[in-house]
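Following this are structure 1 and structure 2, which are two forms of one protein chain, each written alone as structure tokens.
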Structure 1
Amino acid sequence: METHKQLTIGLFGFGVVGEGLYKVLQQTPSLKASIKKVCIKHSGKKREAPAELFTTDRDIILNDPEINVIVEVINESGPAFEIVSRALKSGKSVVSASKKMIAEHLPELLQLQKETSASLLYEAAACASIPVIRNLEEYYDNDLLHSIKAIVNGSTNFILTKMFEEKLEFQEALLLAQQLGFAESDPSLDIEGYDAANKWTFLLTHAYGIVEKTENLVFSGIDHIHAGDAEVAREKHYDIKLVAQAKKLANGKVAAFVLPQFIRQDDHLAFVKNEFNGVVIESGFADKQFFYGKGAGSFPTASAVLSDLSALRYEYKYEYKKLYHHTPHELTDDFYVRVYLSFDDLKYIPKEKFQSIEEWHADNERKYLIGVIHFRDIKGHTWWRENGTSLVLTPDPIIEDMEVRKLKKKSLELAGLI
């Protein structure tokens, strides 16, 4: 018995992802999904699809009663939000890959889904080909998800890999990422960490029921990483990766941030190279699980859109279980982190704020230290990314209060003071 819904799609955007989806759908006839119209911004460009498929008038799609699914894969988050809101309000299901739009408008999108009962799916918006949202939503019960750490931006991972392994210059590696279609049209979104932090906001919603604005998360990108930091990493047999992470602390609250980090060679994330993404989840009883796949690019992203389309045939919706069916977790900034800091001049570093300084290195050019500092001395402060200062987290960077007390006692004992 055929119970699947026929999907008639109105597609917004025919860039890297939109065109990828068009091609992928041609190869998957069993899905019973067809694109009726594509809305584009500029009609002049030559495209590999019949001209009559395209329009520049969004109303032609949004007012067409036969179109029951909107796929929205455009760049600008303002227009994307308008399209998605109008579609949901008129009872159409929506599949989106616009991570920036979702991060910026999450509370409104949650409200719209409640009011309209229409489905909004966005698996492609984070980690592209890795099914991370539905996994977090469906598989991990609230109490069992101890921590999640991930590489969620393919471009920065690609650039770091090329710099570390092929000794490419930063600009050269970035250009390559742009040519391959991984980077955002404004690549500062990748490099300065916005893209990763945007993805992290809604992954935190599916993981822990946390609804937070990107600007309230502590994040940075890879633009402050200094050539000397890569050398130190190599000496210590580490990689540097931009890591998004969240960990449930002993008090039940969640520590979360997106920062560059030293990665041990035996860490699962060390295996994640180029434009690949990776997610390591630690959960009760299961221990560690590692998800790996392409996090950017035309077909890998289209594959996630395709999977959402397939889910729509069965009327699938996100339930936001951790938000609505459990007590949502709260974010906390009451913990410590062990950091590596490199800098030109010690006067820019608030050394009195460090609970302990475990390593110190100085030469004529550049200095660095490794020490433990309260997260509140980072959150809301800018000293750690100004005046040529570079902050990289150490492996297992989160330290809870009890451990710091032990740490202090130990250093005092060592100094013969107690």
Structure 2
Amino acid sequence: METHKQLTIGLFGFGVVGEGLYKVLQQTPSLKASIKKVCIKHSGKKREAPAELFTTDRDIILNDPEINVIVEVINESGPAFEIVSRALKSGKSVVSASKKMIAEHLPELLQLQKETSASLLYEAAACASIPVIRNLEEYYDNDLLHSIKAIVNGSTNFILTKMFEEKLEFQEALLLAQQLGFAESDPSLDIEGYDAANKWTFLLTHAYGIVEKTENLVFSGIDHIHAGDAEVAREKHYDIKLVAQAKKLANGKVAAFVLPQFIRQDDHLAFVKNEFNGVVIESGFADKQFFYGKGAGSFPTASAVLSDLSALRYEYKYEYKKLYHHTPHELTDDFYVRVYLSFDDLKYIPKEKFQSIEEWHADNERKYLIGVIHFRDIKGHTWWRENGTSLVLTPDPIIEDMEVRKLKKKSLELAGLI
């Protein structure tokens, strides 16, 4: 086996990331990697690269025996999966940045990697410049991995930062994010939480061996958060962040979700502002590690693609150790969460479902409460995202059964007030 394999690349997509990679490769000759051909959708656009580099015919790249690596950085999930499948079946290694495609097709991609023994790497698909997948894959035994929580979407984090630090309304902050290129013209995938949830599906695979579809995760975005929620957070000395979280419970199963959350000022994630991402991993003996870096943009994402290309020179593959070499963990919805809810009308809130209500504020036009509720009363229900209701988790939101019994004893006797 060659220790320094020569990489001849077929690149699909020449947008922000593709062009970034092209420029980065020109500055890293030591990598021994060159782009032979780039497949694009529209041939008419002016691009800062020689015209002969480009083609609109994917077969020219996929059928070229000299091309041994496919780098796929296009936006559409269906075509991306077709390209990646064909490349793996023809024995070519693949580097992808398409989180939606990976999330939607993870079981098939796992099977293809088994059948073909070809390598599929996708560090760039989650957290851009932060090497989170490789670290989960190589460094953390999942019996020792207590929890992982992360800010994995730079667009929503930018918007929340502006709402907090400049007191902008949600729509103003969104418009600014679009003007600066941190949010798409159609920002729904970001602000409704789909992008973060897609990334969380395959990060759960590398962390705990869990293979689950995005739609089976409980997630929401930041589109229900009111300026009043930010005001309450400020009063309590919290920030609000869209946090992806997974935690191993006492019974060995895993609680996981992507939801807005109050963050204490001394929490590592409070440090993560604007378009940056951050990951906090807690393990048995090493306590907490904090990873921080740019989560989007041309060069940060290209740097992750570059790292994967570098690993391919040594025939590196994901071993999916938590899935194949351990007993994979299971997701559970049998736990409680402490939540902050703000709303206009109490009649839409199933107050009888709460185990305890610890705070209750009804003075203002907009009311709020903080209480403990079973996760199943959120999962599979929509009341918490309808009728102007806003749900934000409190710090350390996951509560297990024994703790709830104690809480019930201590619960404020608010039944008469509500």
Ligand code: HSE
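Whichever C-alpha set is largest while still superposing within 1.5 Å between the two forms counts as the rigid core. Predicted, not measured: the structure shown is a model, and the values here were computed from it. Each residue is numbered by where it sits in the sequence of structure 1, with counting from 1.
- Taken from the form predicted on its own, structure 2 is distinct in origin from structure 1.
- Once you line up the core between the two structures, the Cα of Gln265 stays within less than 2 Å of where it was.
- Glu330 shows a C-alpha shift below 2 Å between the two structures [criterion: core-superposed Cα displacement of 2 Å].
- The Cα position of Ser185 differs by 2 Å or more between the two structures after fitting on the rigid core.
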